[in-house]
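Consider the single chain below, provided in structure tokens and representing the form predicted on its own.
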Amino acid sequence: MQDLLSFLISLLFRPCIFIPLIFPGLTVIFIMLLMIIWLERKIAAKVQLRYGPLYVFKPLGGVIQTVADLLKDLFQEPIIPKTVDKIAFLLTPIMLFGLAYLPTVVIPVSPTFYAFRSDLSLLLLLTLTTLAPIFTVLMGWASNNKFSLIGGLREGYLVISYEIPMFLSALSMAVLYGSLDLVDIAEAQKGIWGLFLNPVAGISMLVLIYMSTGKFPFEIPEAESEIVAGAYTEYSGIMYGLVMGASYVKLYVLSLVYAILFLGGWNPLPASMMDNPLLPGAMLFAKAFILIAIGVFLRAVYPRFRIDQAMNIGWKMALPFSILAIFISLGIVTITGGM
């Protein structure tokens, strides 16, 4: 029995199993979803004096309302309108959530603990994150609903305006550290974090992360006061839970990437603590969670931008700043001879 238990523990801590299933994979994702939704409601309730999250089961901080909504989405009957394209309508929420989760396989937990490592891991991760919005557009078309179609088209417009500068901001750090390997980039920040070396790239990418995940003030594809729930208008039950959860998962994944690129990843932990993946993983998660908390705080304090305002931010502000970030990285590399 003891040998079997030891075998199961050793199997669980194999990177190819631990990373997809535990951290930063499915287990932590589902725990994080509950934490972030609760935190988002709690912050909004404090600022806007909302009754439910503040006073419903107050001894547990109003968390019972989040649990109730989760149970509602799990057990509510999913309604499929007759006029939708059924195959696309049913598959797109699954694909959207799956593609939001998939990049976690590429994220390293420590210098020696990773499921997949490549000289192009940053490029691969960014490529995977750009696939999900395609299914939001497809979701709006498959719903055969004018509000859904408008929401899907809005997502399409926004994708073009934020993906290019987000790529450039991330790649400016690859230029700075001379590598597309996420492990090498994190290890190069033992002395000073990337955010302090290239703050233009750091600020630009942080705004673009919130923009790409539909957090306020960029909740434009849903825009419930204008287009009901945008691309998600016809969805209910577990399918609605998947499409709404996908944006939180993407925020979580991009926050982890940001923590590696700009906040030193698992640093400043000493090398002696890197053998156990729990400690560097906890450090990485703590940094990402702070970024997520900042993002959900914006929900309570900022009104939503119009789509033209958001696109102007992408093209007229974020894109020039991301190009500037590339030149800053090139200048630092030229002066210092490489990091």
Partner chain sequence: MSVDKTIRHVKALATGIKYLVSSKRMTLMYPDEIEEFPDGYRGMIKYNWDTCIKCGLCAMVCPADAMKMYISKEESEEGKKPVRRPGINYARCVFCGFCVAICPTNSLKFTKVHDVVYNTLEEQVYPPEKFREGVPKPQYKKKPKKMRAILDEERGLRYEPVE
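Positions refer to the first chain, counted from 1. Superpose the two forms; the largest set of C-alphas matching within 1.5 Å is the rigid core. Computed from a predicted model, the values in this text were never measured in an experiment.
One more form of this protein, predicted in complex with its partner chain, exists but is not displayed; see below.
Visitor: Decide whether V47 counts as a contact residue for its partner chain in the predicted bound form under a heavy atom distance cut-off of 4.5 Å.
Guide: So V47 counts as contacting its partner chain.
Visitor: Hey, in the predicted bound form, is L279 touching its partner chain, heavy atoms inside 4.5 Å?
Guide: No, L279 sits far enough from its partner chain in the predicted bound form that none of its heavy atoms falls within 4.5 Å.
Visitor: Since only the chain is shown here, I'm wondering whether F285 would be in contact with its partner chain in the predicted bound form (any heavy atom pair within 4.5 Å).
Guide: Residue-level check for F285: no, no contact with its partner chain.
Visitor: I'd like to know whether F297 contacts its partner chain in the predicted bound form, with contact meaning heavy atoms within 4.5 angstroms.
Guide: Contact with its partner chain, yes.
Visitor: Could you check which residue among L60, V301, I290, M273 gets a heavy atom within 4.5 Å of its partner chain in the predicted bound form?
Guide: Exactly one residue meets the criterion: V301.
Visitor: Heavy atoms within 4.5 Å of its partner chain in the predicted bound form is the criterion; list the residues of 9-44 that meet it.
Guide: Read in sequence order, the lone residue that approaches its partner chain (within 4.5 Å, in the predicted bound form) is I43.
Visitor: Does G62 count as moved between this form and the one not shown, where moved means a C-alpha shift of 2 angstroms or more after fitting the rigid core?
Guide: Where the cores coincide, G62 still shows a C-alpha shift between this form and the one not shown that is 2 Å or more.
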